[in-house]
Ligand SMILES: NC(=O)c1ccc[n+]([C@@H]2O[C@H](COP(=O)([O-])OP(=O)(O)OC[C@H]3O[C@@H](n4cnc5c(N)ncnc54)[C@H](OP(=O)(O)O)[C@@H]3O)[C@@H](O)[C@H]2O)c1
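Just the one chain here, the form predicted alone, laid out as structure tokens.
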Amino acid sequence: MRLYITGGTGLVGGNIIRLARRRGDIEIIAAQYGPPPEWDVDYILDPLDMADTAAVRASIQRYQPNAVIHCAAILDHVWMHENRAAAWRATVDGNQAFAQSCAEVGARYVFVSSDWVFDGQEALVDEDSPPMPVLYYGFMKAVCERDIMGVAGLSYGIGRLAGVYGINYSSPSLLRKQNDVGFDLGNYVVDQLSRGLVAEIWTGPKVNDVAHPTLASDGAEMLLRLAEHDENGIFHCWGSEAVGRLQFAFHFADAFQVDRTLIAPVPTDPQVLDRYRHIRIPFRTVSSNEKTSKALGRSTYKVLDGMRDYKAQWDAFHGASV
């Protein structure tokens, strides 16, 4: 299989490339935007700006992939809110160019979406629940999903992820480790604990308090399976168990065998609240993954299983335990 990946220096994309390289039967083309990968590159790198739709089409036409996994995304919610036109070009217009180009060359298209297409108000959502985004990022993801469904002749899978944590094998220096109102706080917590520092867990207001955290390697395997699948639709590739952010942090302390007193629940930083004053955050998302598990032949990790695998990856990558 010839696999084309965007966001290959990111947490999810890097893990997909790592899995694909281990397979040995996959030819990899990785679109590159920004600094190059930090590991040895034995695959094709293609410089690409997602906002340049003509360049997107030319790249897909040039490489004629069998499948495309589009992981690249803008993650700065304040920037997106303040630069909506630029964010739209890179996210929505770029996605449309990828989808149409995949249809033209007969490639399977996998688009990485988010639990933030939901408003966080329903007791339970599943793959068929209608989206109800409350912030620009979620709105753009929902538009992308809908646009994909409207491309004639396209084989597609929309793989939603949530609260991704793990090791960025391709570009360790690019791993995001800062605290935030979203559920992508796992790498911040581990970074603090591994250095014996207190990890402050914002408990509100304006936080994503409950979600389905996803170990990057686990989500990457689901997305790779989705690229080799033939069913069209939406798939919940995030972790199979929901958890609150404070309990999530306590699980990290237990997994890394450090004192739970290093986890400090505190109110959300006032400066962060000011930055996010015009941006709504989904409070909780609890989901069923049953449809996805049946279609792709496996369930994603529950919380503690993901922690154990991550700890093993951490020890192997860093050479020592905390």
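All values reported here derive from a predicted model rather than from experimental measurement. The first residue of the shown sequence is 1; numbering continues from there.
Below, we refer to the form predicted together with this ligand, which is not included among the displayed structures.
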Could you tell me which stretch in 189-197, 225-233, 106-114, 146-154 has residues with non-hydrogen atoms within 4.5 Å of this ligand in the model of the complex? 106-114
Between Asp49, Asp254, Glu27, Glu290, only one gets a heavy atom within 4.5 angstroms of this ligand in the model of the complex; which residue is that? Asp49
Among Ile167, Val125, Ala249, Val164, which has any heavy atom within 4.5 Å of this ligand in the model of the complex? Val164
Within 4.5 Å, heavy atoms only: does Thr300 come near this ligand in the model of the complex? no
4.5 Å heavy atom contact, Val12 and this ligand in the model of the complex: yes
In the model of the complex, Val78 touching this ligand (heavy atom, 4.5 Å): no
is_contact(Phe118, this ligand) in the model of the complex, heavy atom dist at most 4.5 Å: no
Even though the chain is shown alone, can you say which residues of 66-80 have a heavy atom within 4.5 Å of this ligand in the model of the complex? Cys71, Ala72, Ala73, Ile74, Leu75
